[in-house]
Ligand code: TUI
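Below sits a lone chain in structure tokens, taken as the form predicted alone.
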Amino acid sequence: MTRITDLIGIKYPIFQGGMAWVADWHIAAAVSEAGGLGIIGVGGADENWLRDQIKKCREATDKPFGVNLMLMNPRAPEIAKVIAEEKVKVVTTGAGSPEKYMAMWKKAGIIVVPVIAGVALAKRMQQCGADAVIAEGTESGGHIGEATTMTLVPQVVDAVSIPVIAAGGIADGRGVAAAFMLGAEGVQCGTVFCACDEVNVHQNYKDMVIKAKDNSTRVTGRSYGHPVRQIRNALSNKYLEMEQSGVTFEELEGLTVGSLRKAVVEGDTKEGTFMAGQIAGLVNEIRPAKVIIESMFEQADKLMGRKLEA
């Protein structure tokens, strides 16, 4: 039990990452039913899609779940309003500061937990009324910052008084225990849930994750200030070649249009973008969400010398 489990009313202090195209109501409901916090990732979708997802998630579980808003979404204001209207239990945010929506969400009784990649933004989020922050290290899949989880988490813990959730490079109980030793009061995991029975992605996506090794991910877009971690394939190799040749960022963006959908929906292993973290090399089987979560916390419990509550 931590301030996170008390605040949200969940059994295990674990969030499922709000991965665009991957984190829909199927996996969100499964994680919430298993005792964690499932999260619907809006990504580039609109408010109508989200409202339907919330409805389906509520039909599948009566446990708390959340929504992740990617603040660069052109429909972010409309999506933020839907989150307030639907009174979702928790909202997490990425790609910026959600402070202009904070008052509306707080008035609706929503728990606000921004994803941050640095100490300065963590402090700002606390000042703006965030209930907790997710300190995400560069080991994560998708859009990333520069600091590692090992270095970022303790600095954020020292800088703020609200609970800190560690993200990046966590896929088993050893990662959970390490996060708690760094001062975190919860963890967020994404990659391990990409290899989950309930996740609604193409089988090729799951296979890419479970076949990954320790050196299978690459970061593209770093030289343009838009680093994204993904599993290496023909598309990422071509992107890196073009990036190194000095083409414009607009040309590179054109190369990847629709590539996440190609990965998640079509399973295109050559032209799809398979976002995953460096911990993918540790994920080697497909399991139910309940088994993933319970095994993580049983192992963490043993490592930290505590007995899991019945």
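We number the residues from 1 along the sequence you see. A quick note: this is a predicted structure, and the numbers were derived from the prediction, not measured.
Not on display, but discussed next: the form predicted together with the ligand.
With the partner omitted here, the stretch from 194-202, 77-85, 176-184, 114-122 that lies within 4.5 Å of the ligand by heavy atoms in the predicted bound form is 114-122. When you look in the predicted bound form, the only residue of A300, A20, A289, I10 with a non-hydrogen atom within 4.5 Å of the ligand is A20. Checking V219, M72, I210, A234 against the ligand in the predicted bound form, a heavy atom within 4.5 Å turns up for just one residue: M72. Although the partner is absent from this view, A95 contacts the ligand in the predicted bound form, with a non-hydrogen atom inside 4.5 angstroms.
Contact annotation for I144: at least one heavy atom lies within 4.5 Å of the ligand in the predicted bound form. In the predicted bound form, the ligand lies farther than 4.5 Å from every heavy atom of I162. Shown alone here, A280 lies farther than 4.5 Å from the ligand in the predicted bound form, counting heavy atoms only. Against the ligand in the predicted bound form, the set D24, C57 and V91 makes no contact: no member has a heavy atom within 4.5 Å. The partner is not shown here, but in the predicted bound form the stretch 274-299 reaches within 4.5 angstroms of the ligand through a heavy atom at M275 alone.
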